[in-house]
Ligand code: FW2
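Okay, here we've got a single chain as structure tokens, the form predicted alone, with questions on binding and movement later.
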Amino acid sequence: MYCESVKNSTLASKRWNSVLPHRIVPVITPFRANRPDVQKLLHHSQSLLNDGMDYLFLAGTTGLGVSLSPDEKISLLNGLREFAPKLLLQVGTLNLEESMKLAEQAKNSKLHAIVSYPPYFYPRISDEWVVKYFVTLSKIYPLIVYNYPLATGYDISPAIIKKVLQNGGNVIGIKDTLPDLAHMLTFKYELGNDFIVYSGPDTIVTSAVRSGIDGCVAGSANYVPELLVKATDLQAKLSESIAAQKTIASLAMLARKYGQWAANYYLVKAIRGYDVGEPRAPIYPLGQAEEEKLAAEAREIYPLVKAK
């Protein structure tokens, strides 16, 4: 039974572009008056795809997805319908019925795949319940598990994935948001090369892809996608990739200094030169003085930052 499940998962994984590594941007959600701005999202998404991103990840952590209602997620999905083959949608919620409806919507829209956290806020939930949750969603549409223990309190293991597969689920990969390359590689070693593993932390993408990880989901790609391309280019000189990685890491640390979930919006404006709205409370906008200081410090790290 397990072998058959792995076979089905492998067949699903063949839907993915065979050219590796995959560069995935967890696209930020632009807000205006505390409501999603679909037009700004459309413009930003097109710009990122033009600059080398392979896939757009909607409603992830960087996109403040946990603050979006199911209807808002669907509105974003509908706004980006023309990019459907390039879209991943985070469907995990604390209401399984809502998650299932989002998965059905993704299926009907012919997205590339769905993504889901475990049931966050319940860190002591039993493994059996986590397995049931992922089996239910992945039977609707191919699923990439989103492992983010810092946010969910639950660390997904290869053993969990194996149980999902043994129970007929169709998990095709994992986004592993731990700054631990050995943890990522364990999934490749135990589940095989056809199981997709993506690096979550921006700070180790070069090491990850050169160690055999299939790609990365990097929030910094919202403002420096060109650097992510360089950092993950397996044909480039290692020194060039490392230089790009260092700049990405420095900018990511700068974002954290100002509160990364808000700073991401202003780094897009400073570096890419267009407005992507504001975050949604309780992630509050930066003040004008903070925004100017952030742009100035970013300019010291990355001289291509546009001066006001």
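Bear in mind the structure is a predicted one, so any value in this text is a computation, not a measurement. So that there is no doubt, residue numbering starts at 1 and follows the sequence shown.
Unshown form predicted in complex with the ligand; subsequent notes refer to it.
Residue in contact with the ligand in the predicted complex (any heavy atom within 4.5 Å), chosen from G219, G92, P142, P225: G219.
This chain is displayed alone, yet in the predicted complex one of G169, P118, G215, G200 has a heavy atom within 4.5 Å of the ligand; that residue is G200. The candidate spot formed by F31, S69 and R280 lies out of contact with the ligand in the predicted complex, as no residue has a heavy atom within 4.5 Å of it. Contact between T61 and the ligand in the predicted complex is found at the 4.5 Å heavy atom cutoff. Interface membership of K175, defined by any non-hydrogen atom within 4.5 Å of the ligand in the predicted complex, is confirmed.
In the predicted complex, the ligand sits beyond 4.5 Å of every heavy atom of Y258. Contact with the ligand in the predicted complex, defined as any heavy atom within 4.5 Å, is confined among 272-280, 258-266, 33-41, 236-244 to 258-266. In the predicted complex, the ligand lies within 4.5 angstroms of a heavy atom of only one residue of 21-43, namely P26.
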